[in-house]
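Heads up, the chain below is alone and in the form predicted on its own; it's given as C-alpha coordinates.
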Amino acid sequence: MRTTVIGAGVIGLSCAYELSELGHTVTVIDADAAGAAASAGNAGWVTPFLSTPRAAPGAVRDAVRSFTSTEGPARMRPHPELGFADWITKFLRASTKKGNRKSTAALQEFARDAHAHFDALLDRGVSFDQYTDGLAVVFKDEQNLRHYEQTVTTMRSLGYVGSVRVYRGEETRAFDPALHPDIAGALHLETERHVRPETLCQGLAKAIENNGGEVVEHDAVDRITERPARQWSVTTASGRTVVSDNLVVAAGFPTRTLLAPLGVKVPLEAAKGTSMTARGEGTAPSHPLKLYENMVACSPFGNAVRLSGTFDIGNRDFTLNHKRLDMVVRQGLSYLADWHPTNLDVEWVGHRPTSADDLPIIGPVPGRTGLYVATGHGTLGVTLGPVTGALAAREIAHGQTQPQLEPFRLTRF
(Lines give C-alpha, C1' and ligand atoms only; values in the text may rest on other atoms or scores of the structure.)
Protein backbone atom coordinates (compact mmCIF):
# COMPACT_ATOMS: atom_id res chain seq x y z
CA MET A 1 0.00 0.00 0.00
CA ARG A 2 1.38 3.40 -1.01
CA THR A 3 0.74 6.51 1.10
CA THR A 4 1.77 10.10 0.50
CA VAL A 5 2.02 12.49 3.46
CA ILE A 6 2.06 16.23 2.82
CA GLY A 7 3.90 17.95 5.66
CA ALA A 8 7.21 17.06 7.31
CA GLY A 9 6.52 18.56 10.72
CA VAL A 10 6.14 16.42 13.82
CA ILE A 11 2.53 15.48 12.94
CA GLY A 12 3.19 14.47 9.33
CA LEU A 13 6.40 12.66 10.16
CA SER A 14 4.75 10.79 13.04
CA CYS A 15 1.93 9.64 10.75
CA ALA A 16 4.40 8.63 8.04
CA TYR A 17 6.68 6.74 10.43
CA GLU A 18 3.85 4.74 11.99
CA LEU A 19 2.46 3.89 8.56
CA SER A 20 5.91 2.73 7.45
CA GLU A 21 6.04 0.54 10.54
CA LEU A 22 2.76 -1.04 9.39
CA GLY A 23 4.22 -1.87 5.98
CA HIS A 24 3.13 1.11 3.89
CA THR A 25 5.47 2.55 1.27
CA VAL A 26 5.56 6.17 2.37
CA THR A 27 6.52 9.40 0.61
CA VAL A 28 6.64 12.60 2.68
CA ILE A 29 6.66 15.93 0.84
CA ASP A 30 7.34 19.36 2.30
CA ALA A 31 7.91 22.85 0.93
CA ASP A 32 10.75 23.31 3.42
CA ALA A 33 13.22 21.10 5.23
CA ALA A 34 11.82 18.43 7.53
CA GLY A 35 10.84 19.99 10.85
CA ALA A 36 11.63 23.53 9.72
CA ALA A 37 8.22 25.19 10.18
CA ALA A 38 6.05 25.16 13.32
CA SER A 39 8.00 22.17 14.64
CA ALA A 40 11.35 23.97 14.63
CA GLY A 41 11.35 26.75 17.22
CA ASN A 42 8.83 25.66 19.82
CA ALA A 43 9.48 24.76 23.44
CA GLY A 44 9.37 21.01 22.81
CA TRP A 45 7.17 20.21 25.80
CA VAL A 46 5.55 16.81 26.23
CA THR A 47 2.89 17.79 28.72
CA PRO A 48 -0.47 16.06 29.16
CA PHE A 49 -1.26 18.42 32.05
CA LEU A 50 -1.09 21.50 29.83
CA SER A 51 -3.12 19.86 27.06
CA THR A 52 -6.03 22.27 27.29
CA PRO A 53 -7.81 24.43 24.67
CA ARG A 54 -7.45 28.20 24.45
CA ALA A 55 -11.14 28.39 23.56
CA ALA A 56 -12.21 29.10 27.14
CA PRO A 57 -14.37 31.51 29.16
CA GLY A 58 -12.82 34.96 28.93
CA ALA A 59 -11.82 34.53 25.30
CA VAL A 60 -14.20 37.31 24.21
CA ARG A 61 -12.75 39.74 26.75
CA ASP A 62 -9.19 38.83 25.83
CA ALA A 63 -9.96 39.18 22.13
CA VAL A 64 -11.27 42.71 22.62
CA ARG A 65 -8.24 43.70 24.71
CA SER A 66 -5.83 42.28 22.16
CA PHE A 67 -6.86 44.80 19.50
CA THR A 68 -5.04 47.55 21.41
CA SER A 69 -2.52 45.53 23.42
CA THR A 70 1.18 45.58 22.55
CA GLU A 71 2.49 43.53 25.50
CA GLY A 72 0.08 40.64 25.82
CA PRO A 73 1.11 37.09 24.93
CA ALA A 74 -1.86 36.65 22.57
CA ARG A 75 -3.11 39.10 19.97
CA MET A 76 -5.90 38.99 17.45
CA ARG A 77 -5.62 40.93 14.23
CA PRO A 78 -8.58 41.02 11.81
CA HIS A 79 -7.99 39.51 8.38
CA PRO A 80 -9.96 40.69 5.33
CA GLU A 81 -10.76 37.15 4.23
CA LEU A 82 -14.42 36.24 4.84
CA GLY A 83 -13.41 32.92 6.34
CA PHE A 84 -11.60 34.70 9.16
CA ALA A 85 -14.84 36.15 10.54
CA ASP A 86 -16.40 32.68 10.45
CA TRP A 87 -13.38 31.25 12.28
CA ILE A 88 -13.67 33.92 14.99
CA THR A 89 -17.39 33.25 15.41
CA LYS A 90 -16.84 29.51 15.82
CA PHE A 91 -13.95 30.08 18.23
CA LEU A 92 -16.00 32.34 20.50
CA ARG A 93 -18.93 29.90 20.45
CA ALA A 94 -16.57 27.15 21.61
CA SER A 95 -15.36 29.31 24.51
CA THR A 96 -18.24 28.60 26.90
CA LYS A 97 -17.63 26.95 30.24
CA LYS A 98 -19.46 23.78 29.14
CA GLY A 99 -17.68 23.65 25.79
CA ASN A 100 -14.29 24.22 27.37
CA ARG A 101 -14.74 21.43 29.90
CA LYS A 102 -15.83 19.00 27.18
CA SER A 103 -12.86 19.95 24.99
CA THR A 104 -10.44 19.73 27.91
CA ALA A 105 -11.70 16.25 28.78
CA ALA A 106 -11.17 15.13 25.16
CA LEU A 107 -7.62 16.50 25.08
CA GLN A 108 -6.77 14.95 28.44
CA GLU A 109 -7.97 11.55 27.24
CA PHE A 110 -5.98 11.97 24.03
CA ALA A 111 -2.78 13.11 25.75
CA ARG A 112 -2.86 10.61 28.62
CA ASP A 113 -0.54 8.12 26.92
CA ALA A 114 1.72 10.73 25.28
CA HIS A 115 4.76 9.73 27.31
CA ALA A 116 4.28 6.05 26.47
CA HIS A 117 4.27 6.88 22.75
CA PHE A 118 7.59 8.73 23.09
CA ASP A 119 9.00 5.72 24.93
CA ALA A 120 7.78 3.50 22.10
CA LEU A 121 9.65 5.62 19.55
CA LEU A 122 12.89 5.30 21.52
CA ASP A 123 12.35 1.56 21.99
CA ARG A 124 12.10 1.18 18.20
CA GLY A 125 15.32 3.07 17.58
CA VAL A 126 14.05 6.56 16.74
CA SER A 127 16.76 8.91 18.01
CA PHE A 128 16.06 12.34 19.57
CA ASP A 129 17.05 14.46 22.55
CA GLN A 130 14.70 13.93 25.49
CA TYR A 131 14.82 15.41 29.00
CA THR A 132 12.88 13.94 31.92
CA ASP A 133 13.20 16.66 34.57
CA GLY A 134 9.50 17.48 34.65
CA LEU A 135 8.09 20.92 33.90
CA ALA A 136 7.48 23.79 36.30
CA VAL A 137 4.81 26.49 36.17
CA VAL A 138 6.41 29.54 37.78
CA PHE A 139 4.54 32.40 39.45
CA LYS A 140 5.44 35.93 40.48
CA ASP A 141 2.13 36.33 42.29
CA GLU A 142 1.15 34.08 45.19
CA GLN A 143 -2.53 34.55 44.41
CA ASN A 144 -2.00 33.16 40.92
CA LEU A 145 -0.23 30.15 42.40
CA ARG A 146 -3.11 29.48 44.80
CA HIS A 147 -5.59 29.74 41.95
CA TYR A 148 -3.53 27.36 39.82
CA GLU A 149 -3.50 24.78 42.60
CA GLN A 150 -7.25 24.57 42.05
CA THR A 151 -6.51 23.75 38.41
CA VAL A 152 -4.65 20.67 39.59
CA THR A 153 -7.85 19.48 41.29
CA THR A 154 -9.78 20.00 38.06
CA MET A 155 -7.21 18.10 36.02
CA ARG A 156 -7.24 15.24 38.53
CA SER A 157 -11.01 14.99 38.06
CA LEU A 158 -10.39 14.61 34.32
CA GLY A 159 -7.94 11.76 34.82
CA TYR A 160 -4.52 13.40 35.14
CA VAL A 161 -2.34 11.06 37.24
CA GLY A 162 1.07 12.73 37.08
CA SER A 163 2.96 13.70 40.23
CA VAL A 164 2.72 17.39 41.24
CA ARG A 165 4.71 19.26 43.89
CA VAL A 166 4.44 22.90 44.95
CA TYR A 167 7.39 25.04 46.08
CA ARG A 168 7.12 28.43 47.78
CA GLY A 169 9.61 31.08 48.84
CA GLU A 170 13.15 29.85 49.39
CA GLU A 171 12.11 26.32 48.44
CA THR A 172 11.64 27.61 44.90
CA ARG A 173 15.26 28.72 44.58
CA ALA A 174 16.43 25.40 46.00
CA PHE A 175 14.30 23.62 43.38
CA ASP A 176 15.82 25.62 40.52
CA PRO A 177 18.60 28.09 41.43
CA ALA A 178 18.09 29.95 38.14
CA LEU A 179 14.84 31.50 39.39
CA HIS A 180 14.72 35.10 40.62
CA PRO A 181 14.58 35.61 44.41
CA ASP A 182 11.25 37.47 44.10
CA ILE A 183 9.44 34.52 42.55
CA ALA A 184 6.44 33.53 44.69
CA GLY A 185 6.57 29.84 43.89
CA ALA A 186 6.50 27.05 41.36
CA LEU A 187 4.25 24.10 40.66
CA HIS A 188 6.40 21.22 39.47
CA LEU A 189 4.75 18.72 37.14
CA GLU A 190 7.27 16.03 37.97
CA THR A 191 6.42 13.46 35.32
CA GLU A 192 6.27 15.80 32.30
CA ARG A 193 9.13 15.93 29.78
CA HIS A 194 10.56 17.99 26.99
CA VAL A 195 12.41 17.19 23.78
CA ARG A 196 14.49 19.19 21.34
CA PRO A 197 11.84 19.30 18.58
CA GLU A 198 14.35 19.61 15.74
CA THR A 199 15.97 16.34 16.79
CA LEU A 200 12.59 14.62 17.03
CA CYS A 201 11.78 15.55 13.42
CA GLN A 202 15.26 14.53 12.26
CA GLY A 203 14.97 11.20 14.05
CA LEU A 204 11.56 10.45 12.56
CA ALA A 205 12.71 11.39 9.04
CA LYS A 206 15.71 9.08 9.31
CA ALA A 207 13.56 6.24 10.65
CA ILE A 208 11.13 6.65 7.73
CA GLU A 209 14.02 6.38 5.27
CA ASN A 210 15.41 3.37 7.13
CA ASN A 211 11.99 1.73 6.64
CA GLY A 212 12.23 2.27 2.88
CA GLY A 213 10.26 5.52 2.73
CA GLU A 214 11.24 8.81 1.11
CA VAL A 215 11.29 12.33 2.54
CA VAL A 216 11.13 14.99 -0.19
CA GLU A 217 12.22 18.41 1.05
CA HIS A 218 12.07 21.92 -0.47
CA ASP A 219 9.41 20.96 -3.00
CA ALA A 220 6.01 22.56 -2.42
CA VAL A 221 2.82 20.75 -3.40
CA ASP A 222 1.03 22.63 -6.20
CA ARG A 223 -1.94 20.38 -6.81
CA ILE A 224 -3.84 17.42 -5.37
CA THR A 225 -5.89 15.33 -7.79
CA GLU A 226 -8.33 12.53 -7.08
CA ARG A 227 -7.75 9.81 -9.67
CA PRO A 228 -9.82 6.83 -10.82
CA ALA A 229 -9.51 3.55 -8.97
CA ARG A 230 -9.43 5.36 -5.61
CA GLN A 231 -5.97 6.79 -6.02
CA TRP A 232 -4.50 10.21 -5.28
CA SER A 233 -1.99 12.23 -7.27
CA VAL A 234 0.21 14.97 -5.86
CA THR A 235 2.06 17.36 -8.18
CA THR A 236 4.89 19.50 -6.82
CA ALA A 237 6.55 22.75 -7.87
CA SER A 238 9.49 20.85 -9.37
CA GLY A 239 7.18 18.83 -11.61
CA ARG A 240 7.30 15.66 -9.54
CA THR A 241 4.10 13.57 -9.56
CA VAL A 242 3.47 11.05 -6.81
CA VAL A 243 0.56 8.62 -7.06
CA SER A 244 -0.63 6.72 -4.02
CA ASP A 245 -3.54 4.79 -2.52
CA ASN A 246 -3.80 7.08 0.52
CA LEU A 247 -3.08 10.76 1.03
CA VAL A 248 -2.50 12.31 4.46
CA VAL A 249 -2.55 16.10 4.56
CA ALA A 250 -0.67 17.23 7.66
CA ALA A 251 0.70 20.53 6.38
CA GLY A 252 -0.28 22.76 9.29
CA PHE A 253 -1.97 26.02 8.33
CA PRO A 254 -1.47 25.48 4.55
CA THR A 255 -3.70 22.40 4.83
CA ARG A 256 -6.70 24.68 4.30
CA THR A 257 -5.45 26.02 0.96
CA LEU A 258 -4.27 22.62 -0.25
CA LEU A 259 -7.71 21.09 0.27
CA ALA A 260 -9.84 24.06 -0.78
CA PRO A 261 -9.71 23.21 -4.55
CA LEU A 262 -11.29 19.85 -3.66
CA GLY A 263 -14.18 21.64 -1.95
CA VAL A 264 -12.96 20.60 1.49
CA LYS A 265 -13.21 23.38 4.07
CA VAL A 266 -10.80 23.15 7.00
CA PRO A 267 -11.41 25.92 9.58
CA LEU A 268 -7.81 26.76 10.44
CA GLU A 269 -6.11 30.00 11.35
CA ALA A 270 -2.43 30.83 11.79
CA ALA A 271 -1.29 31.67 15.31
CA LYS A 272 2.10 33.30 14.91
CA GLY A 273 4.72 32.38 17.49
CA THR A 274 8.33 33.40 17.97
CA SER A 275 11.37 32.24 19.90
CA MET A 276 15.03 32.82 20.60
CA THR A 277 17.56 30.07 21.29
CA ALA A 278 20.88 31.16 22.76
CA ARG A 279 23.79 30.25 24.95
CA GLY A 280 24.47 32.62 27.79
CA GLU A 281 26.08 33.50 31.09
CA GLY A 282 24.75 33.13 34.60
CA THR A 283 22.74 30.27 36.10
CA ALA A 284 20.67 28.60 33.40
CA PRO A 285 17.36 26.89 34.27
CA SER A 286 17.59 23.19 35.00
CA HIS A 287 13.90 22.59 34.20
CA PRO A 288 11.56 23.73 31.44
CA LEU A 289 9.52 26.61 32.83
CA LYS A 290 6.08 28.00 31.99
CA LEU A 291 6.38 31.60 33.16
CA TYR A 292 2.77 32.05 34.10
CA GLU A 293 1.97 35.75 34.23
CA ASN A 294 3.51 36.42 30.82
CA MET A 295 2.85 33.01 29.26
CA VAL A 296 6.46 32.64 28.13
CA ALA A 297 7.97 29.19 27.69
CA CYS A 298 11.57 28.60 28.76
CA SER A 299 13.30 25.35 27.77
CA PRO A 300 16.89 24.36 28.51
CA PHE A 301 18.55 22.29 25.79
CA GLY A 302 22.00 21.25 26.97
CA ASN A 303 24.09 24.43 27.02
CA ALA A 304 21.38 26.50 25.30
CA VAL A 305 18.12 28.06 26.48
CA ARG A 306 15.04 28.72 24.34
CA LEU A 307 12.54 31.46 25.21
CA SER A 308 9.34 31.24 23.19
CA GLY A 309 5.94 32.84 23.19
CA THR A 310 3.21 34.88 21.46
CA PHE A 311 0.03 33.50 19.94
CA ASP A 312 -0.90 36.09 17.33
CA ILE A 313 -4.08 35.05 15.53
CA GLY A 314 -4.61 36.33 12.01
CA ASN A 315 -0.99 37.27 11.40
CA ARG A 316 -0.13 35.04 8.47
CA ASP A 317 3.22 36.42 7.35
CA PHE A 318 6.60 35.00 8.30
CA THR A 319 8.27 38.31 9.11
CA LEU A 320 10.09 38.23 12.42
CA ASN A 321 8.57 40.94 14.60
CA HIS A 322 11.55 41.99 16.70
CA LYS A 323 9.37 43.98 19.10
CA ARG A 324 7.34 40.87 19.88
CA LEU A 325 10.45 38.70 20.22
CA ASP A 326 12.17 41.31 22.41
CA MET A 327 9.05 41.34 24.60
CA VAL A 328 9.20 37.54 24.98
CA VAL A 329 12.90 37.63 25.91
CA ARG A 330 12.52 40.59 28.30
CA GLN A 331 9.55 39.08 30.08
CA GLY A 332 11.20 35.68 30.26
CA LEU A 333 14.41 37.03 31.75
CA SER A 334 12.44 38.83 34.47
CA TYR A 335 11.76 35.42 36.07
CA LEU A 336 15.45 34.48 36.15
CA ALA A 337 18.11 35.56 38.64
CA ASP A 338 21.07 36.28 36.38
CA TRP A 339 21.05 34.17 33.23
CA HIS A 340 21.23 36.28 30.07
CA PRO A 341 21.93 35.43 26.43
CA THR A 342 25.38 36.16 25.02
CA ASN A 343 25.63 33.91 21.94
CA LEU A 344 22.56 33.75 19.74
CA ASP A 345 21.89 30.40 18.06
CA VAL A 346 18.68 31.17 16.22
CA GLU A 347 15.66 33.48 16.12
CA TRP A 348 12.49 31.83 14.87
CA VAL A 349 8.98 32.65 13.75
CA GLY A 350 6.30 30.17 12.73
CA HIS A 351 2.58 29.47 12.52
CA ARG A 352 0.76 27.24 15.00
CA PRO A 353 -2.17 25.76 13.02
CA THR A 354 -5.21 26.46 15.18
CA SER A 355 -8.73 25.19 14.53
CA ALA A 356 -11.91 27.11 15.23
CA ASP A 357 -12.36 25.34 18.60
CA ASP A 358 -8.62 24.91 19.29
CA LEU A 359 -8.81 21.13 19.03
CA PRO A 360 -6.91 19.03 16.48
CA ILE A 361 -8.58 17.97 13.24
CA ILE A 362 -7.85 14.31 12.60
CA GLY A 363 -9.56 11.72 10.46
CA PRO A 364 -10.82 10.67 7.04
CA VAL A 365 -12.40 13.32 4.83
CA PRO A 366 -16.04 12.36 4.21
CA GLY A 367 -16.79 11.34 0.65
CA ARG A 368 -13.11 11.17 -0.32
CA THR A 369 -11.88 7.60 -0.02
CA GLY A 370 -8.22 7.45 0.97
CA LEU A 371 -7.97 11.14 1.95
CA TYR A 372 -7.03 11.80 5.57
CA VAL A 373 -6.32 15.03 7.44
CA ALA A 374 -4.18 15.57 10.56
CA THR A 375 -3.67 19.19 11.58
CA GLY A 376 -4.81 21.94 13.95
CA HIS A 377 -2.77 20.89 16.98
CA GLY A 378 -1.95 24.50 17.89
CA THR A 379 0.72 24.57 20.60
CA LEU A 380 0.34 20.84 21.32
CA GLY A 381 1.98 19.43 18.21
CA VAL A 382 4.93 17.89 20.05
CA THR A 383 2.86 16.50 22.92
CA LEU A 384 0.28 14.96 20.60
CA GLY A 385 2.46 14.17 17.56
CA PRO A 386 3.44 10.56 18.26
CA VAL A 387 0.01 9.54 19.61
CA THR A 388 -1.65 11.19 16.59
CA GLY A 389 0.65 9.25 14.28
CA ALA A 390 0.02 5.92 15.98
CA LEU A 391 -3.78 6.21 16.08
CA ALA A 392 -4.10 7.72 12.60
CA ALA A 393 -1.92 4.95 11.14
CA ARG A 394 -4.21 2.29 12.61
CA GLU A 395 -7.24 3.95 11.03
CA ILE A 396 -5.56 4.32 7.63
CA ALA A 397 -3.82 0.96 7.47
CA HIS A 398 -6.40 -1.26 9.16
CA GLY A 399 -9.64 0.70 8.90
CA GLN A 400 -9.95 0.50 12.68
CA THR A 401 -11.81 3.52 14.07
CA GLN A 402 -9.97 4.86 17.11
CA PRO A 403 -12.41 6.13 19.79
CA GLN A 404 -9.86 8.64 21.13
CA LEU A 405 -9.99 10.45 17.79
CA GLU A 406 -13.77 10.82 17.61
CA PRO A 407 -13.86 14.33 19.21
CA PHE A 408 -11.43 15.60 16.55
CA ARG A 409 -13.22 14.79 13.30
CA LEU A 410 -13.59 17.40 10.56
CA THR A 411 -17.32 16.71 10.51
CA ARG A 412 -17.84 18.53 13.84
CA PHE A 413 -17.71 21.88 12.05
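Here the structure is a predicted model, which is why all the values come from computation and not from measurement. Residue numbers run from 1 along the displayed sequence.
What follows is about the form predicted in complex with a small molecule, which we do not show.
J.: Counting only non-hydrogen atoms and a 4.5 Å threshold, tell me whether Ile29, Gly44 and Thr274 all contact the small molecule in the model of the complex.
T.: Yes: each residue has a heavy atom within 4.5 Å of the partner.
J.: Counting any non-hydrogen atom inside 4.5 Å, which residue from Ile313, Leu200, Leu258, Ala114 sits next to the small molecule in the model of the complex?
T.: Exactly one listed residue reaches within 4.5 Å, namely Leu258.
J.: Just give me the single entry in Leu380, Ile361, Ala59, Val387 that has a non-hydrogen atom within 4.5 angstroms of the small molecule in the model of the complex.
T.: Checked against the cut-off, the match is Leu380.
J.: Taking heavy atoms only, is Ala220 within 4.5 angstroms of the small molecule in the model of the complex?
T.: Contact with the small molecule, yes.
J.: I'd like to know whether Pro73 contacts the small molecule in the model of the complex, with contact meaning heavy atoms within 4.5 angstroms.
T.: Answer no; every heavy atom of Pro73 is more than 4.5 Å from the small molecule in the model of the complex.
J.: Can you check whether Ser355 is within 4.5 Å of the small molecule in the model of the complex, heavy atom basis?
T.: No, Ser355 is distant from the partner.
J.: Any chance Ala250 has a heavy atom within 4.5 Å of the small molecule in the model of the complex?
T.: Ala250 belongs to the contact set for the small molecule.
J.: Heavy atoms, 4.5 Å, the small molecule in the model of the complex: which of 92-100, 301-309, 279-287, 123-131 makes the cut? Say which one.
T.: Heavy atoms within 4.5 Å of the small molecule in the model of the complex occur in 301-309.
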